[in-house]
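What follows is a single chain, given as structure tokens, in the form predicted on its own.
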Amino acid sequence: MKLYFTPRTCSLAPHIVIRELGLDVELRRVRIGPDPVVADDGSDYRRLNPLGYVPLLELDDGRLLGEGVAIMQYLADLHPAAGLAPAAGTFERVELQQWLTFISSELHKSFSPWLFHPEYGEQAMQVARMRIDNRFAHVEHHLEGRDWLLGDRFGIADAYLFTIADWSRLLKVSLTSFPRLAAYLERVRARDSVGEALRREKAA
């Protein structure tokens, strides 16, 4: 199994899930941009993913799976005993999908591309920051009395929320008004899987 990734991007989320599950994986670093390439051999990454972004999971049989949310659910469902995702057909599974959708559409796409590309202008960045604050307030309220998004167990939604919300440090988005979220991010950061994923990506 190969995970195509770029450091400090959303590909960290499925990487954390892989480490939580203790799976063997070959990391393939991608230099994203107008002409994305696989770093170790300079090959055109778009031959694998025409969209040019990460993550991408290549299975042992050669099949390719894109989109982080799909990758995480696929891996969690292959290993149900790990408890990273509720069983399909349960209300808890729909709650998981609700959070994955929220993180993807309301948080991920508020941070990126707007705060990563100052050329879009200060007004666009201010609107994005206001939107992020509003969404963080929703997460802050939800975390009252909870360690994790879906209760008392870490799951794939937590891997994704950590990955996106932790961009706050990189992009100087203040968490002063969101102490529960700030504490939550430190809880996730303290997990062995997160530390290992971050170390492996730095070394790759």
Ligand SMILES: N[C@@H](CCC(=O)N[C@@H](CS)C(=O)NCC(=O)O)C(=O)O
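Everything numeric here is computed off the predicted structure, so don't read it as measured data. Numbering starts at 1 and follows the sequence shown.
Below, we refer to the form predicted in complex with the named molecule, which is not included among the displayed structures.
Asks: Report whether the minimum heavy atom distance between residue 10 and the named molecule in the model of the complex is within 4.5 Å.
Replies: Heavy-atom contact with the named molecule at 4.5 Å: present for residue 10.
Asks: Is residue 67 part of the interface with the named molecule in the model of the complex - any heavy atom within 4.5 Å?
Replies: Although the named molecule is absent here, residue 67 would touch it in the model of the complex, with heavy atoms inside 4.5 Å.
Asks: Using a 4.5 angstroms cut-off on non-hydrogen atoms, would residue 79 count as touching the named molecule in the model of the complex?
Replies: No - in the model of the complex, heavy atoms of residue 79 and the named molecule never come within 4.5 Å of each other.
Asks: Does at least one non-hydrogen atom of residue 108 fall within 4.5 angstroms of the named molecule in the model of the complex?
Replies: Yes, contact at 4.5 Å.
Asks: Tell me, which of 173, 139, 32, 150 has a heavy atom within 4.5 angstroms of the named molecule in the model of the complex?
Replies: Checked against the cut-off, the match is 32.
Asks: Given the stretches 131 to 139, 150 to 158, 173 to 181, 51 to 59, which is the single one in contact with the named molecule in the model of the complex, using a heavy atom cutoff of 4.5 Å?
Replies: Only one stretch passes the 4.5 Å heavy-atom test: 51 to 59.
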